[in-house]
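Starting off, we have a lone chain in the form predicted alone, written out as structure tokens.
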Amino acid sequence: MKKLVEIKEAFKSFNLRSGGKKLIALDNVSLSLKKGETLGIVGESGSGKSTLGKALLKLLQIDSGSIFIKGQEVSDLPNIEFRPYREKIQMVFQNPATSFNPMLTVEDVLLDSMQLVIELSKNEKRLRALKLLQDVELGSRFLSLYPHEMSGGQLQRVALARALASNPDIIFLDEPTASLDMSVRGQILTMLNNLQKNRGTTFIIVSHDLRVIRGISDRVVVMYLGQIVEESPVEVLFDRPLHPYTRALISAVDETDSDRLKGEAISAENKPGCKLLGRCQYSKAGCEEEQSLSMVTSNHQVRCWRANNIPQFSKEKLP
């Protein structure tokens, strides 16, 4: 199947205020995405997940590397030339309450999101706004409501309707269930799965919640300090996580588990060797050397030279 998105060696750093050092947010990240696929991205805060999404939407410019959409390189396109692609890539932000203008009704928001859909008349756009609400399981009464008149779950549904308004190929969801209670999270995930089946939309979903990632993703990318450390189909990853960092994320569900990391993630410019060095209980001589992302099977890659020598992971730890 043809790749919808391909990212090659994307690198992005930010200057820190103190000491003239740089924070490396994306460290030569490469990945691809097919139409109709859901890619889950996991990792601690600061791992580069959201930076990757903003780079894809061209909300920030990468320092080097390439981003291709439907085979066309868009990394260096001026904003005016990128505009047709922006219509096809949308984002749902983490906190829906802060992503809406409090002075606009839901209808205003949805109509504004259809500005790039020039083939529709104003009346057709109003009908489409109503259909979008139906798609996210909200009634017509919500058209006249303001953000403060809705719950968090309802706002997140409207945020998704807004993202769907331009009929995008890709929607990037940044922690879409983080501010919602458990029952509403399940409803949102079910709705996303149904939307994908009905529309064939491609989702990229970032979440700290491994249950969310496992419940919706086809494939998972694990990031740590700007690098991809593991990538595989979702059930392969949860059945046989190979990288110590992935194992630690899954083990964190059980606070008494011993398969955990020491200390906190600390990013350093040009840090030699494995970035997990100093936190990993499985480290040995050789971990000081640079680790490459290598295929261990035809659909599973990991950035750890000891991946196949670490004791087997207990499935009792899976969420």
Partner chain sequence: MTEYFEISSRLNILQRIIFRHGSISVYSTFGILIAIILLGMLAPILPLQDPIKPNLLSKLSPPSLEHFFGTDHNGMDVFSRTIFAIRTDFTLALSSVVLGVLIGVPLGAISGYLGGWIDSTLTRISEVIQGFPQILFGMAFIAATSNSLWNVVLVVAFYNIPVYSKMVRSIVVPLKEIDYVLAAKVAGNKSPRIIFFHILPNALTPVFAQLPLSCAYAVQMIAGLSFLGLGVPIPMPEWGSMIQAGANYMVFGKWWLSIFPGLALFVSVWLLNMCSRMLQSLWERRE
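Being a predicted model, the structure only gives us computed values, none of them experimental. Positions refer to the first chain, counted from 1.
The same protein also has a form predicted together with the partner chain, omitted here; what follows describes it.
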(request) Please check if residue 142 has a heavy atom lying within 4.5 Å of any heavy atom of the partner chain in the predicted bound form. (result) no
(message) When the contact criterion is heavy atoms within 4.5 Å, does residue 197 count as touching the partner chain in the predicted bound form?
(response) no
(message) Contact with the partner chain in the predicted bound form for residue 101, defined as at least one heavy atom pair within 4.5 Å: yes or no?
(response) yes
(message) Since only the chain is shown here, I'm wondering whether residue 116 would be in contact with the partner chain in the predicted bound form (any heavy atom pair within 4.5 Å).
(response) yes
(request) Find the only residue in 167, 187, 193, 95 having a heavy atom within 4.5 Å of the partner chain in the predicted bound form. (result) 95
(message) Exactly one residue in 133, 225, 206, 91 has a non-hydrogen atom within 4.5 Å of the partner chain in the predicted bound form; which is it?
(response) 91
(message) Within 4.5 Å, heavy atoms only, one stretch in 37 to 45, 53 to 61, 288 to 296, 274 to 282 touches the partner chain in the predicted bound form. Which?
(response) 53 to 61
(message) With the partner chain taken in the predicted bound form, which residues across 136 to 168 come within 4.5 angstroms through any non-hydrogen atom?
(response) 162
